[in-house]
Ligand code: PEP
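Form predicted alone, single chain, as structure tokens, below.
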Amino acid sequence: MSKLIIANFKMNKTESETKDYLINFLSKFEDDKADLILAVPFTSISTARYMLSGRNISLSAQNICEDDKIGCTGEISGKMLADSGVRYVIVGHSERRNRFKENSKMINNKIKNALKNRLTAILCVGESLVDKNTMNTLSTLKNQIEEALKGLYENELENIIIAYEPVWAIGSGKTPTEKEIELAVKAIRKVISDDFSQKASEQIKIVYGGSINPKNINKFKDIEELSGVLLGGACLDSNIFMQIINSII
């Protein structure tokens, strides 16, 4: 099975910059090498959709409104995203939790709205440095996952990807050890097994994200429990991005 690679551009690249980036990147990327998802800014979705036409690369949004029925200035609905060609949406990223005070109820609603619009939700979970230092990593993951997936049916997990992103690792240059990642991913699968079924636990895709770069990518590619990776800053330079892709496939 090919590795899943999710690239989160965050608030980077204008529409014209995205176009230039993709011209360079697509000339190098071979579609059959990996399952690739690009989470570009909202303003670049239309351009990216056009340029990715006929390529085996999917588009993701970086956020979604809790409810399509409310009129909310500055938000974007699941219906809008689906119509724009997006197939995935990132939910629960630590930056959204911290900066915009998104709580578990909001994240749960966003996931349900994504599923209602036939989008796959990429659910981000991860412990803070305080959680890590107080040995609360596993309980934090359990609480985040159970709150986010509350009220979902087992068959809906087919459209959920869980991204394990330790908050303390994002943008810090620090990463967990292979053993720490293995323990976290096994804990995530146990939550799914306990709350849904062993089959669901085995089938759900789990990726790792947090300070991944060409120098440490080999650390993650051979962890059997992982389905792939979620990149942030490392995807913004197409040459560095290709180095990572070539290393992980």
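Because the structure is a prediction, the values reported are computed rather than measured. Numbering starts at 1 and follows the sequence shown.
We do not show the form predicted in complex with this ligand, though everything after this point is about it.
Segments offered: 45 to 53, 209 to 217, 63 to 71, 181 to 189. Contacting this ligand in the predicted complex at heavy atom distances within 4.5 Å is 209 to 217. Contact annotation for L22: none of its heavy atoms lies within 4.5 Å of this ligand in the predicted complex. Using a 4.5 angstroms limit between non-hydrogen atoms, I161 is distant from this ligand in the predicted complex. Interface residue remark: G151 is not counted as part of the site for this ligand in the predicted complex, having no heavy atom within 4.5 Å. Mapping the unseen interface onto this chain, K10 counts among the residues with a heavy atom inside 4.5 Å of this ligand in the predicted complex.
Contacts to this ligand in the predicted complex (heavy atom within 4.5 Å) from stretch 62 to 99: H93, E95.
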